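Next up: just one chain, as structure tokens, the form predicted on its own.
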């Protein structure tokens, strides 16, 4: 057994059906009485319904959360927090809303209660990615980790197929990268493999039958497990590329993760054979990068950067940004390899081509 370091995270997790009813109790358990409910504009009605349900425990709704957590949105949210004298925040929605709650907590130390409605997994991490002037930077710290996560499977039952697929693949990306990152350890590797397997099994069932309660429950559990992985270990090439594309080109978050995942895995395959073996086992396939690519296709998720709005002329700049201040990675980061990876991801080629490049 190799030497390793493992640190557990202290967030309280409530998982099940109908658990939304416990939000008020958890606000009070944090010693709070003035919660500001957060959401995106698209989920404002859900936020307002939750605010009404909380009654006197809610002091209002802020519904401007946006992808990649732009600092200008956070500034407006901070003004809202101060205007209503909020003593905690309740984020209901996906990764964009969770990110806003984390950004507020970083600036104020206010407690966070997060209610995920997608499979983003970011609620389980002490990581915040913020965008300022077109560049996305990442911060990590215990004050960023939400105090309470309430998983209510009922809230995911109406999640559209497209968001189900891409947010699920986004979660899988957290676990795949956690298997080969510098801080990987046997405990987190077990959780990663279980999270990947849960999502890979559940997502195709959900695409066929969106009302399958058992599959929805398994997918939400898998998303939590994958989020724990991301929050417990570091990040590598995959997240560096996705942060570059998201922050500098305003690419959609989950869709970008879905497209890049098999190609980043292929780039690292020869340098991380044990990790790839675990991914392949979790997917029930022989080749992990190709299995990830085929899973995305089976789910109807995008498989090319071109399909989600990436400009072809931006690939060179993206490659330059990706090799500037790179995250640790099992295979050394070289611009030619990254540019080739991005080209294949742009045109939606199968990752076997990337794997050949990686072994060259």
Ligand code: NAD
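None of these values were measured; they are calculated from a predicted model. Residue numbers count along the first chain shown, from 1.
Missing here is the form predicted together with this ligand; even so, the following discussion is about that form.
S.K.: Among 62-70, 299-307, 23-31, 314-322, mark the stretch whose residues have heavy atoms within 4.5 Å of this ligand in the predicted bound form.
M.R.: Single hit among the candidates: 62-70.
S.K.: Taking this ligand as it sits in the predicted bound form, is residue 174 near enough to touch it, meaning that at least one heavy atom pair lies within 4.5 angstroms?
M.R.: Flag for residue 174 set to yes.
S.K.: Would residue 160 sit within 4.5 Å of this ligand in the predicted bound form, counting heavy atoms only?
M.R.: Residue-level check for residue 160: yes, a contact with this ligand.
S.K.: In the predicted bound form, is there a heavy atom of this ligand that lies within 4.5 Å of any heavy atom of residue 114, even though the partner is absent here?
M.R.: No - in the predicted bound form, heavy atoms of residue 114 and this ligand never come within 4.5 Å of each other.
S.K.: Answer with yes or no whether residue 155 is in contact with this ligand in the predicted bound form, where contact means some heavy atom within 4.5 Å.
M.R.: Answer yes; at least one heavy atom of residue 155 falls within 4.5 Å of this ligand in the predicted bound form.
S.K.: Counting only non-hydrogen atoms and a 4.5 Å threshold, tell me whether 43, 96 and 118 all contact this ligand in the predicted bound form.
M.R.: All of them do, each having a heavy atom within 4.5 Å of the partner.
S.K.: Within 4.5 Å of this ligand in the predicted bound form, heavy atoms considered, which of 198, 264, 165, 230?
M.R.: When this ligand is considered in the predicted bound form, the option within 4.5 Å is 230.
S.K.: If the cut-off is 4.5 angstroms on heavy atoms, which of these, 203, 279, 254, 245, is the one near this ligand in the predicted bound form?
M.R.: So the residue touching this ligand in the predicted bound form, by this definition, is 254.
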